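One protein chain, two forms: both are listed below as structure tokens, the first as structure 1 and the second as structure 2.
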Structure 1
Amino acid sequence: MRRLETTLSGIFLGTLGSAFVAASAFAEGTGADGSADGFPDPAAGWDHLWKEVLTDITVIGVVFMIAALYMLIKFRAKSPDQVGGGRKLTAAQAVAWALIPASLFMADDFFLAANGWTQWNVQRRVPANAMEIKVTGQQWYWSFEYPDGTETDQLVVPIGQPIVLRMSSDDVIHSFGMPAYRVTEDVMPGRITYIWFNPDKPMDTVVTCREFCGMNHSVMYTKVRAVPQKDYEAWLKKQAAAG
């Protein structure tokens, strides 16, 4: 009877604890917001979420690894005839050993899901003032079309304004990956996909193709430059004149 009671209260506490963790995660999740200029920054949100997840999995990994190492060392056989002393669990213990870990894992899952969900909404909700650029993938280069109709083979964007890319492909599937802005999305024939990002400081980076698209997949990349508004306008004018 004693044993049953301890078991049941363990289950109860475990479940309660996990519900609490999940609830607080949702509460925290809804409060999260972003940058000073009025819309959250998806890249900063990514870094924040990554740190959280990295901490989470590191803690779990270290705890389990220490437990494994401890047992692997501690429970070495003292003599060749020794047998293990693991006991048969009672039904209540068996269930408790399932429900308590399961509710802890679930609590962590829901915690991460809630935070992932919040970040996802930031990543997918395009700010109303975003500037739209059309992207086309082709074997094996990228092309960009600006609001004024100018077409280029590099992505140059003004800082201080969110940018949304509407993307499609002329042939096979490609994937538009910009590590500096923490975004990737596939680019397909017959469909339009999108990503948005927030260039907030001048920076020269690259976009590479992330979906295997044939012979020159590995060299399907181009420059991405975030520049001050004035430089952007001057650049665009020059491109328009050249094109």
Structure 2
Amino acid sequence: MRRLETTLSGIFLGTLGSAFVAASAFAEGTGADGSADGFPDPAAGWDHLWKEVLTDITVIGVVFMIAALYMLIKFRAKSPDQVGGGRKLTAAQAVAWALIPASLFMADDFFLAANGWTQWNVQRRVPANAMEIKVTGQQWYWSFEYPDGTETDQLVVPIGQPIVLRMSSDDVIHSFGMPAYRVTEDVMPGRITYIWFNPDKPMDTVVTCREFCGMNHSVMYTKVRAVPQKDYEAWLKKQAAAG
């Protein structure tokens, strides 16, 4: 009984230690949002979290594989007359073998979940200085209205400037998806939804509709360009003049 109590105490302390390690790592991880220019970068944060998930899955897989191979070799049958068998464990050892690994993996899962919640909060908290662009989804194209009233069918934004998109639909439900910036949000009639992103480098990409919205759903995409500020101003001036 005393051995069992000692083992359970060890499990508790181990779990507590794991939770502490996870909490410490989480506290360090909250800064991993890719904020290189003073603004958080949700896309970089999601990429960082995804790499952590892949790393964890790989480490756990390798640990289990090594443990399985070790036990297969260690406790194998050594002659045709034998049956392979493992070492007989005491009750305390059996409990420890079950709970200690489970506690460690749960602490790791909590760490990843906490990082996911942090990234989600970053994704939903629009920077105060974000430039607002109105987006309207229609069967089967997107239209964009800039702060000066200019309307276009392409999304062109200046780099180094957080962009918030206020979106609605004139007909059916659409979904505004930009994989390059790791953002997707539904666009619905009678309701305004939003997403924001931080274009930190020149890039040409696309936005597609990610919700089946009718016969020509597959052609509902358009260009997204992130350009230097002076190029953005020249482009917007040209679009406004073309009117």
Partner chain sequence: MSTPASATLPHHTGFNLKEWILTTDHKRIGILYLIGSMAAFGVAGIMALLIRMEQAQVGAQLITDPTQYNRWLFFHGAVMILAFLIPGLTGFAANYFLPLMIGAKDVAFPRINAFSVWLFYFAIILALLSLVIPDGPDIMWTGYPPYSVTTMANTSFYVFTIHLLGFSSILGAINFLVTVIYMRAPGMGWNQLNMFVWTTVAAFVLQLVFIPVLAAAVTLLLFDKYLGTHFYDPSAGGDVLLYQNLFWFYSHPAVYVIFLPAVGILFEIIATMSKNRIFNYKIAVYGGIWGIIAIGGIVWVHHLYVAGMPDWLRLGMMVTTLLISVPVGLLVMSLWGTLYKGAITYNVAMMYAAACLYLVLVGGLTGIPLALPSLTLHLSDTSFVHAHFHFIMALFSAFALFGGIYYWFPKMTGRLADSKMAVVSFWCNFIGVNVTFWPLFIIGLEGMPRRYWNYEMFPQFQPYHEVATAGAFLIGIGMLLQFINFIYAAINGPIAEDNPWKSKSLEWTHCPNPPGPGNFPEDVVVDENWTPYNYNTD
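Reference numbering: structure 1, starting with residue 1. Please read all numbers here as calculations on a predicted model, not as lab measurements. Between two forms, the rigid core is defined as the largest C-alpha subset superposing within 1.5 Å.
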item	value
Structure number, where the criterion is the form predicted alone	2
After fitting the core, A92 CA displacement of 2 Å or more between structure 1 and structure 2	yes
C-alpha of M188 moved at least 2 Å between structure 1 and structure 2 on rigid core	no
Y70: Cα shift of 2 Å or greater between structure 1 and structure 2 (core-aligned)	yes
Angstrom shift of the Cα atom of I60 between structure 1 and structure 2 (superposition on rigid core)	5.3
Angstrom displacement of the CA atom of D81 between structure 1 and structure 2, core fixed	15.4
